[in-house]
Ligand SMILES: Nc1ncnc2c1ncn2[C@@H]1O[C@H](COP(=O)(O)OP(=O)(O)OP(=O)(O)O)[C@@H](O)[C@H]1O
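Okay, so here's just one chain, in structure tokens, the form predicted alone.
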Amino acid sequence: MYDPWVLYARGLITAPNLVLAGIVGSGKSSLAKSLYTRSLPFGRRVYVPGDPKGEHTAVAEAVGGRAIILGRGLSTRLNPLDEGYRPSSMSDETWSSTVASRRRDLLGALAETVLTRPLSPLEHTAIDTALSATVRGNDVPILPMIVDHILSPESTSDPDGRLAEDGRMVGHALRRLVAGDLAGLFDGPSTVTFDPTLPMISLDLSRVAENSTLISVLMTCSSAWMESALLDPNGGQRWCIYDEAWRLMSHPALLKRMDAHWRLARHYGIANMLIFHKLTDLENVGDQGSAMRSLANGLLANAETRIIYRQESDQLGTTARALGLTSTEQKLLPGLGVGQGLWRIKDRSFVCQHQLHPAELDLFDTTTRMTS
């Protein structure tokens, strides 16, 4: 048996986060799904803020949850500036301040993602001014309104035209989301809602998997929605699943959000799960010695449960160094069978065989196209 919340309550671990790594076909995906679905009857909930391959969609629907499927040609739209879920205990004043701050941060993160660089103080001012002007005239602002106000500020706030010049690059970056190559998903009111009371919510990104920028933008929006639900002290205990983690961690804005969730896991009552093919994927995050590499390594350091499925021989040294494995543990990894894993829980280690119920096997199978 394994439950990060029970282990934390007993003082056996101090961080409820989990890292799961294994080569394709080793069974790690099935293990992840078993871990979170078997916890649902005990009152846990599951958030998958980004599913690049759509593997969790069928699971979400089977357990009474919802998968939000996004992609070009679909009617689904997300308004990044929606207020989101409001915790029941939050006052009107606090809620208003929280929404304004979240919108400001989210617009900045979206612009940084598209521009692939940090914003300057002047660009932050351009966003803030445009947001204030938009909110004054609209109950629920949408992104095209923000773009219009950035590129053509009100004369009262920009008498000499300098604000328009300062925000020009940001305005054109955000314009890509409503009128450029990334258009169609963010240019109007939302057609779906984020309901944190459901057993499971997954954001299916399989229709946009070829566009890394679009994945990053969608993940940034869904993370903001998720954060509003995590602020609710009555929200209960939740899994946050980051599948194909190496792809998500290559985007600075997403990596920073993941780091914040990691550090606040105990406060939020969540257990984060990072799923990799191999731990050398971390070496592709930023440059050696960079802030991004440091953040990525910090996620690993703050996970006291590490589950390692079969690894290729050329990965053993890196895996052993990253996790501090003994020579005996290192020798086990190449010979592990399907569903067999080395579990490191703080200072203890175990070799476990994961067994699936036939109904789980049918639901979790990711090899249908190859074997049918």
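Owing to the predicted nature of the structure, the values given are computational and were not obtained by experimental measurement. Residue numbers here begin at 1 and follow the sequence given.
Not on display, but discussed next: the form predicted together with this ligand.
(message) Residue-level question: is K346 within 4.5 Å of this ligand in the predicted bound form, judged on heavy atoms?
(response) No - in the predicted bound form, heavy atoms of K346 and this ligand never come within 4.5 Å of each other.
(message) Is it the case that R66, even though its partner is missing from this view, gets within 4.5 Å of this ligand in the predicted bound form, heavy atoms only?
(response) Heavy-atom contact with this ligand at 4.5 Å: absent for R66.
(message) Does any part of K28 reach within 4.5 Å of this ligand in the predicted bound form? Heavy atoms only, please.
(response) Answer yes; at least one heavy atom of K28 falls within 4.5 Å of this ligand in the predicted bound form.
(request) Would you please decide whether D365 lies within 4.5 angstroms of this ligand in the predicted bound form, comparing each non-hydrogen atom pair? (result) Flag for D365 set to yes.
(message) On the criterion of a non-hydrogen atom at 4.5 angstroms or closer, are I23, E244 and G339 all touching this ligand in the predicted bound form?
(response) Checked in the predicted bound form: all three residues contact this ligand.
(request) Find the only residue in R102, R257, H277, R176 having a heavy atom within 4.5 Å of this ligand in the predicted bound form. (result) Contact residue from the list: H277.
(request) Determine which one of 41-49, 28-36, 316-324, 299-307 lies within 4.5 Å of this ligand in the predicted bound form, judging by heavy atom distances; exactly one does. (result) Checking each option against the 4.5 Å cut-off leaves 28-36.
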